[in-house]
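The chain below stands alone and is given in C-alpha cells; this is the form predicted alone.
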Amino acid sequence: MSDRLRTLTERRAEGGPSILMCALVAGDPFVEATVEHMQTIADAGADVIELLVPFSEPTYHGPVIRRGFERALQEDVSWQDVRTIAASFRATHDTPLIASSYYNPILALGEDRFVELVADVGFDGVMVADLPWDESGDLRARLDTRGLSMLPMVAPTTPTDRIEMMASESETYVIWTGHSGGELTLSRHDFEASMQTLRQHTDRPVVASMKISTDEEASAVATCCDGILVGSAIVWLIEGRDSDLSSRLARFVGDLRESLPQ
C-alpha cells in the first residue's frame, strides 16, 4: 500500500476525521479541464480522488456518469491521457489518487502495462467495477509489487463470508455501494441495518456510496460509516459547465467536508 493511502486508512481507523472521496471522469469534458477540476476538489477538502476511466459499456454506473463517459469518449480519451491527467495533478498535489476502470480496458492494455502506468504517474490504488475479487489475485499481486492496492467493493447483495474474505485480503478501507449496479436501490433504514451487519464482519473503515447530492445527506450517511464517496453529483456539476463551475465545485466539496464528522 502507498504511504498516502496507508496514512488515510490508519487515520480513520484510529478515530480521525471521516473520509471524503470524490470521483470524476477522466477527460470530461476535456483533459486540461479534468486536471483543473481535480485540483479544485482537492483544495476544497477531498481526502482522496477517484479518476474514472471512460468505457463504452459502463454497466455498473448510473446515467450521470454514463453521460460523462460519453463526453470523454467523444474526446478520444486514452490511457495516455489518463497518464497525463494523473501526472499533471501529482505535480501540484499529494492527495491520494485511485484509478477506477472496468476490466476490459485494462485487459486490452495488458495488466503489466496498466500497473506500470498507474504506478509511474503517482496513483495510490485501483478499483475495477466488474472484476470479481476472487478473480483479481494476479492483478493484485502485480499492484502489490509497486506498492499499490486494489480497493474492495461490496454491495448489499455481497454474502458475509465474501465480505470477510475481501477485507482480510486487503489493507485499505472498504468501498460499500448502495446498489448492485446502476441506480440506488437501498433505503436509509436498510443502509443503517447493512452497516450494522457489516461492522460484525470487518473492522476495516467503510466508505459508502449512496448517491449523495447535498451536505445534509452526507452528514446523515456519515453517521453510520467512516466516510462517503461522491461521484454523480460532481459529474453532474461538470456536465452543466457553468461559467462559475470552479467556484461551484469548490463550494460543493467544501460543504461536504464541513458536514462530515471531524
Partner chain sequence: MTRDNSERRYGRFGGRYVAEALWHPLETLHQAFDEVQNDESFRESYESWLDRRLGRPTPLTPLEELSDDIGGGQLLAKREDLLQGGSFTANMAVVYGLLARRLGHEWLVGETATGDFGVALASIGSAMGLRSRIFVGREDLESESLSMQHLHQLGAIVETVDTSNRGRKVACAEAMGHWATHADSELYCPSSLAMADPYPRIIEHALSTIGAELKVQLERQHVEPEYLVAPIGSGSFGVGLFEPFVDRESTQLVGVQAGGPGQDGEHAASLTYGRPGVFQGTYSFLLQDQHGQIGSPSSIAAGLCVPNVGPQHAAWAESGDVHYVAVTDREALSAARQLLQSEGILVSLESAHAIAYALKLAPTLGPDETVVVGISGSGMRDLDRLESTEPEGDPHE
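Positions refer to the first chain, counted from 1. Because the structure is predicted, anything quoted here is derived from the model rather than measured.
What comes next is about the form predicted together with its partner chain, which does not appear here.
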Could you tell me if residue 122 has a non-hydrogen atom within 4.5 Å of its partner chain in the model of the complex?
no
Can you tell me whether residue 94 touches its partner chain? I mean in the model of the complex, with a 4.5 angstroms heavy atom cut-off.
no
Just checking whether residue 168 would be counted as a contact of its partner chain in the model of the complex - the rule being heavy atoms within 4.5 angstroms.
no
Should residue 223 be classed as touching its partner chain in the model of the complex when contacts are defined as heavy atoms within 4.5 Å?
no
Of 162, 146, 83, 90, the one that lies within 4.5 Å of its partner chain in the model of the complex (heavy atoms)
162
Contacting member of 130, 116, 75, 192, with respect to its partner chain in the model of the complex [4.5 Å, heavy atom]:
130
Hey, of 204 to 212, 39 to 47, 232 to 240, 58 to 66, which bit sits against its partner chain in the model of the complex at 4.5 Å between non-hydrogen atoms?
58 to 66
For 110 to 149: residues with a non-hydrogen atom within 4.5 angstroms of its partner chain in the model of the complex?
111, 129, 130, 131, 132, 134, 135, 136, 137, 138
